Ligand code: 5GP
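Shown below, as structure tokens, is a lone chain in the form predicted on its own; questions about how it binds or moves come after it.
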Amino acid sequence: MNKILEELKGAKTIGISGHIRPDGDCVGSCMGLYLFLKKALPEAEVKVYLERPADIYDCIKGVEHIAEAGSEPEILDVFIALDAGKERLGEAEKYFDAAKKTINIDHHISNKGTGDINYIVPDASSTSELVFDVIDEEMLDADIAQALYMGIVHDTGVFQYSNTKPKTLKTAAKLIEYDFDFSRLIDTTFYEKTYIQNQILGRALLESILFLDGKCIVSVVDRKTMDFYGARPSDLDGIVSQLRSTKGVECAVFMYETGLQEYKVSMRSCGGVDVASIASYFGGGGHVRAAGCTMKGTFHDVINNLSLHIEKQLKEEKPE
């Protein structure tokens, strides 16, 4: 893909969006690109359409300007989908469909590209790293760098996941040359938890269940439990990763109730299971070691259906 400014020549109205329930990489890539375009194209109208991000991301400049999609789509000159295909943009999908030109930038292997122009790199650590690739580096500043660094940190688990490549670290090194407190940023947005988050994490760990001879672990939080703690979906971030760190576990599954017999499922793998292929089978997507989907049925229905696919892979050779 060319530098993003080459693709935006003549554009007066530009929309940016990412997936529903935005995580750190989604927020970081959207806000990093937004701040860059506001600086590089001061005459253009640039808007970000996202669901309200978790409060931990308030430290990123510009989040207060995030807009909600209206009932009728604006016909924008260009619409850019980040960290997802258009089908995961939620209410913003109609803006993507109505735009005169569309661009899709993502690193999920399940995304085959849904824009007129696509920059899909499954080997990349994060969409934030890909945004760094397409912006003009000489126009970077501390605010843009902070947003992109945060996105990279979140999708690499602070550089401990297997998607961390030498290029990732080189990009991160360039970003921390700018004047922002990257150590505090990691603490605030990645490690720090509220009292409610710690309570519901403890509950999820306490009620977790090992299965498939201890190679898998699962935990579920139902709507009643979320209401009891006053928890939002964003308060559940990180639970599946904590489950995955259980000794002897190859695959972790965490789910929470989103409707009557409907669950949002998150999966993490230590490498022996390609959870992206499982999630794709059930209409979701993600990466080999981190993926998710939405499934219907009782808790037992969902875990039984997932178990069939997980067990099959555990009996086969490990994916590379």
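Don't overthink the numbering: it's just position in the shown sequence, from 1. None of the values given here were measured: they were computed from a predicted structure.
Beyond what is shown, the protein has a form predicted in complex with the named molecule; the following relates to that form.
Among residues of the shown chain, residue 286 is one whose heavy atoms approach the named molecule to within 4.5 Å in the predicted bound form. Although the partner is absent here, residue 108 lies within 4.5 Å of the named molecule in the predicted bound form, judged by heavy atoms. In the predicted bound form, the named molecule lies farther than 4.5 Å from every heavy atom of residue 53. A residue is said to contact a partner when one of its heavy atoms sits within 4.5 Å of a partner heavy atom; residue 266 meets this definition for the named molecule in the predicted bound form. Only one of 35, 66, 46, 293 lies close to the named molecule in the predicted bound form, with a heavy atom inside 4.5 Å, and it is 293. Scanning 14-36 for heavy atoms within 4.5 Å of the named molecule in the predicted bound form gives just one residue, 19.
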